[in-house]
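One chain follows as structure tokens, the form predicted alone.
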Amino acid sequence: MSREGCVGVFDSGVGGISVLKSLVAELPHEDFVFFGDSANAPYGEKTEDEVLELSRANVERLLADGAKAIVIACNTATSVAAATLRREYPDLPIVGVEPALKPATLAPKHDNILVMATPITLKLDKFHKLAEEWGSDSTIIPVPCVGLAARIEHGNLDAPDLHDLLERLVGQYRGKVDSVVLGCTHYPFVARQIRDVLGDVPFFDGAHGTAKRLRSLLEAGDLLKPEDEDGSVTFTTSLHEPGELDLYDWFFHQPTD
């Protein structure tokens, strides 16, 4: 691997851009290539075998683009594929993202923690082990948010149908939780809309920890670009429709919680 290589980042679609924003903030001198597999989104409602095969293909694509490290900017793909990919590519730094249960349970108010995530993320052992390790002093309330990631992919985030979907998914918990873990990288883009439904509670997501971990691995492998160089961001996608990359750029410039 070369210092001059890029950092390859992939997700099932636009959601991983929330992680990419944290990566760029942490490492502004690096070159990032983001691949959004929007043609196959969302991963959170696919089988484990499908997610693993798609993740393998994404890594190969990013390696062909010159990646020196890979960030799996998808909770579902991290849960399903990260361990296998690390075995298959032992010399490649691979960083994933996971539900931010640890910081949520260490917050001053942590009695009742709502975890919004895809069905597959909540089903897998990785989530249950996190809940067992960090949730002993909290009531963890997992909510499989079927359809939410797919809806966010379409943009128009202030439309009434998105508010109605959030109301159906989490409206019953209004005033009943101390914090919310956003366990899918799509969800930070609708943090404000989720607050409109749940009220003003703290949100936690894993992007900051992922960025710190990437820096650590690049430093350990002597792969950091010089900090006086300018970095870049390149978007690529599997969905070749007019305006798709414009949508990616739009999401990159949207605020996240």
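One rule holds for the numbers: they count along the sequence shown, beginning at 1. Keep in mind that this is a model prediction, so the values were computed, not measured.
Same protein, other form: the form predicted together with a small molecule, not shown, and the subject of what follows.
- G36 falls outside the set of residues with a heavy atom inside 4.5 Å of the small molecule in the predicted complex.
- Proximity of G206 to the small molecule in the predicted complex falls outside the 4.5 Å heavy atom cutoff.
- Using a 4.5 Å cutoff between non-hydrogen atoms, C184 counts as a contact of the small molecule in the predicted complex.
- Though the partner is left out of this view, A149 does reach within 4.5 Å of the small molecule in the predicted complex, counting heavy atoms only.
- Here the chain stands by itself, but in the predicted complex one stretch of 41-49, 194-202, 56-64, 214-222, 41-49, has heavy atoms within 4.5 Å of the small molecule.
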